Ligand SMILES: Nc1ncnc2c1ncn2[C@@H]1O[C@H](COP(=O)(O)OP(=O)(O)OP(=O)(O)O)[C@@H](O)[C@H]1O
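Only one chain is included here, represented as structure tokens and corresponding to the form predicted on its own.
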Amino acid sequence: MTTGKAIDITDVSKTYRTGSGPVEALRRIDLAVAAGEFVSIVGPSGCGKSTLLNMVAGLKSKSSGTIRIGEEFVNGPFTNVGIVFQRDLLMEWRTVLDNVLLQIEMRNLRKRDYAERAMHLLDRVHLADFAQRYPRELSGGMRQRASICRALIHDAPVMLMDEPFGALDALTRDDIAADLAEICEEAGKTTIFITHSISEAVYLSDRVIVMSGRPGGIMADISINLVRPRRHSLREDPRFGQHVTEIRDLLEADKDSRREVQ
């Protein structure tokens, strides 16, 4: 991990205007992510995790505060990032390889200049033999691996991932998480990763941000000082279990306090 801020979120809030009145989704979020750092965000459903990620990408507007990626302020869709959503969003009529290269076409770059990189990425996630297959011929895990390659193809310095493994079975998501951790570490990507899985967050991350229920705020910023590269056996390390327990206790305490208020 290198030094320097790659993402700087300062005093950011988000309020939605609805027919029944304003709904405060996020309140005064301050978060800095260093270049090359992998940061996961966990919190209860509805706390604004995905909203925050979409604001970093410039896909949703903020109500107040500032967001910078590198030296640029985010005030609209920010193109120099890779984004992976909960659904893979592959185009069914394109081959796996052509789905990966879609980013290149949309940026008016020459496909032939990126074909070798695309195949290298597919090989890294064990999909090289499926490059000419169509999405309908793939499992859910294979489809999501292809979508990760599509997000990586233009080699953006920042990756934004919104629960990309949420629909996958436990074994598949563990395998993909291991591949993702290795790829991001090798490439030095700055990553914000949204997940509901505490163990997944601890396994992947340099830091885990724990958010409270709505309006979402940051309750804790926990450094995960575990050895890299990460291996599945890391989950048996007592320090791994301690981190998981610490985060779960924070979320349970927040839930209990909200019940008392109600």
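Start at 1 and count along the sequence shown; that's the residue number. A quick note: this is a predicted structure, and the numbers were derived from the prediction, not measured.
Missing here is the form predicted together with the ligand; even so, the following discussion is about that form.
Taking the partner from elsewhere, Pro229 is found to have every heavy atom lying beyond 4.5 Å of the ligand in the model of the complex. Using a 4.5 angstroms limit between non-hydrogen atoms, Asn225 is distant from the ligand in the model of the complex.
Among heavy atoms of Glu163, some come within 4.5 Å of the ligand in the model of the complex. By the criterion of a heavy atom within 4.5 Å, His196 is counted among the residues contacting the ligand in the model of the complex. Partner contacts here mean any heavy atom within 4.5 Å of the ligand in the model of the complex, and among 231-239, 64-72, 198-206, 39-47 they occur only in 39-47. Between the ligand and the residues Val12, Leu251, Val244, Ala25, the one pair within 4.5 Å by heavy atoms in the model of the complex involves Ala25. In this stretch, 204-233, the one residue having a heavy atom within 4.5 Å of the ligand in the model of the complex is Arg214; the partner itself is omitted from this view.
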